[in-house]
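Next up: just one chain, as structure tokens, the form predicted alone.
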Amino acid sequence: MRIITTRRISQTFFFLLFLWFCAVSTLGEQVWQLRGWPVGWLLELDPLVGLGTLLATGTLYAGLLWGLLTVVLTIFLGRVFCGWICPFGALHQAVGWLAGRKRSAAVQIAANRYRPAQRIKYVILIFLLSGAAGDFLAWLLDLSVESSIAVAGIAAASLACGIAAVRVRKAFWRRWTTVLVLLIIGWVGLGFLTDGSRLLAASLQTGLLDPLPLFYRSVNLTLLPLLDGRMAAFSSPGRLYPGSVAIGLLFWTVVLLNLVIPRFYCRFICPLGALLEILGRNALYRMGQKPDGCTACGACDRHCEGACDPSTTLRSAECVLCMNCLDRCPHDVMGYGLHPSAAGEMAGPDLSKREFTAALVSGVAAVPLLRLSGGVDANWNPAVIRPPGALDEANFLRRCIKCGQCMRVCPTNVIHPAGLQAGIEGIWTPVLNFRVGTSGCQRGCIACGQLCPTAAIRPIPLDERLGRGEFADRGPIRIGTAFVDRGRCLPWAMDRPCIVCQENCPVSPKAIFTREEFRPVRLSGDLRLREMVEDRLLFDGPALPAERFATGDYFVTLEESPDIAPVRIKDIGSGGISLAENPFVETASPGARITVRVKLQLPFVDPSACIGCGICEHECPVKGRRAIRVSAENASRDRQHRLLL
């Protein structure tokens, strides 16, 4: 079997496996539903996910250890992940092949030549990782002023440098002594400068461009919802994801750029590819020319997917192991083995010190600048409601890779990608929107935390969600609190009976309770008693529609009987009101003014019982801006959100 046939089988397998994992990320027990499929395994194979969370949090979630397998394979075999496993890379390669298969050899060679702009992906990688490493850098700098061991080491190193300055005569060692002194001064100086300041902070943003989270997010939120139908029902029909336009635009832009340059995303943007290039720049096995026989026919350059110039000085770091050069070479000059290319190699990455420093400093500085808005501190946005089990906002932003898995598996479609309400850091992170979907956040559901690959949403047990068993003393997990908008609520503002929110409140005892109040109904004129026949009041005045006033929520009082409680209207006929009982027989007289009153059950929220599930908001009959809305106040995940004293 040809080597490229083997590679295509591998790419096809992992691409179909990826689609299968996306399709089965639906809550259920059927074989085409979740039921234990390792749907996040490909994300766990991504070493950039593991490295980013390790830098941002100092910990590595157990599943992300799979990334070490990719690292080892890359160190020994080169970028086998890019060329043989990555489903996003397979998509780019397929589109690029379709676009270029009828182009002339010269055009294909021109499209596959190396371009200096391919260094951009290193800049992106350094920028994203340095943004995640802010807390780690702060810890290192704190050592210089807070750790007695570090201070003793600094003192010893300074003494050694002083002795060296007197004793050493060779220029080489003097230069290194000077460098060491400058490093110590810089370390201590930055340690004092950053001590207690907000100059360093960490935020994980690799998921914006990391190919696997990007591909998962795009398929889950922009492709599968469009394909849902009778023949292929991947989830409950009619799923909506506000803000998915930007996700779709990014996805289709990078895919269609392959029509111009094959594997455009892999060559110029992919931060994971850049990381694997660094790891595999001196791989044990690599592509290369054999010593003799190359005629410079250009067959290898014509089909090269990595734009690594295999016919000349090979840019080994750019090679994605597509094996096209090996298969297409008519003279059997190209090989894959332990020996370097006979035509020479350039390991890369060819990033200048200035470019590296600029990317590093801008990445470190970006996060503290974003935090000046106070979005994770006092100026937190109460509209940002995170799923149950989510960490506090600062730690959540250190872990979330915006893959969209929690949004995909949510059975009620209330988890959505955030826009700017969570700040720039929070773009495409999960937030709850109770206006959309089939219900609120179900109390018995913990699916989102089970699929989160980085534990930004903790995989909580159901007992913890409900506050049962060993978690009884903490109570149920609250994701927010409902607030009644009295200016929009039907009973409060419009004298219309409504207890939808109270009826749908799922907690027991209910967090929404009501208080009764009888309010006079505004009519177009006065009602005057004309005659009384048993339980029936005949009156003069405007007509009373039975479909409104005979529903059981309306009552009457007479002005001559102030001590008699309102009496329920049972029926309304021509010119008369039938009462459930008639206590006015002895006190009322013709001409008395009749007042129609509506019995209202005004809703109130008990914040100590409300868990913020949002079912009340979803079911509220005021369909525009809801009359009862949930905000993140009193959410369990963050103490600064506490509402009750």
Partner chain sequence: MSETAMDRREFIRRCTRAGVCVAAAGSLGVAFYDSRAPAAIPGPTAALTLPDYSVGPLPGRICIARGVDRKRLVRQAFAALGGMQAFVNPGERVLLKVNAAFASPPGLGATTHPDLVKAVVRLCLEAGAKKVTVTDNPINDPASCFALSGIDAAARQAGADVIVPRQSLFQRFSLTGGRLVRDWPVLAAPLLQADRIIGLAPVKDHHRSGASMTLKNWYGLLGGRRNIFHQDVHTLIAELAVMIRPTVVVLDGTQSMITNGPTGGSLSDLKPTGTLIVSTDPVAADAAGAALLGKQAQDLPFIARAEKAGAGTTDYRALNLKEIKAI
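Positions refer to the first chain, counted from 1. Computed from a prediction, not measured in an experiment: that's the story for all the values here.
Although it is not shown, the form predicted in complex with the partner chain is what the next lines describe.
So, R8 and the partner chain: in the model of the complex, are they within 4.5 Å at any heavy atom pair?
Flag for R8 set to no.
Classify K170 as contacting or not contacting the partner chain in the model of the complex by the rule of any non-hydrogen atom within 4.5 angstroms, answering yes or no.
Because no heavy atom of K170 falls inside 4.5 Å of the partner chain in the model of the complex, the answer is no.
Given that the partner is absent here, does V585 sit within 4.5 Å of the partner chain in the model of the complex, heavy atoms only?
It does not: once the partner chain is placed as it appears in the model of the complex, V585 has no heavy atom within 4.5 Å of it.
Counting only non-hydrogen atoms and a 4.5 angstroms cut-off, does V364 reach the partner chain in the model of the complex?
Result no; V364 lies far from the partner chain in the model of the complex.
For the three residues T194, A394 and P461, which mark the spot I'm curious about, does each lie within 4.5 Å of the partner chain in the model of the complex through at least one heavy atom?
Judged in the model of the complex, none of T194, A394 and P461 sits within 4.5 Å of the partner chain.
Report the residue, out of L420, A565, L338, A106, that has at least one non-hydrogen atom within 4.5 angstroms of the partner chain in the model of the complex.
Among L420, A565, L338, A106, a heavy atom within 4.5 Å of the partner chain in the model of the complex occurs only for L338.
Consider the chain as shown here, without its partner, and state which of T313, T177, S147, N282 has a heavy atom within 4.5 Å of the partner chain in the model of the complex.
Looking at T313, T177, S147, N282 one by one, just N282 meets the 4.5 Å heavy-atom criterion.
Considering the partner chain in the model of the complex, find the one stretch among 199-207, 519-527, 72-80, 300-308 with heavy atoms no farther than 4.5 Å from it.
Result of the contact check: 72-80.
Going by the partner chain in the model of the complex, which residues of 26-63 come within 4.5 Å of it through any heavy atom?
The stretch touches the partner through L54, G58, T59, L60, Y61, A62.
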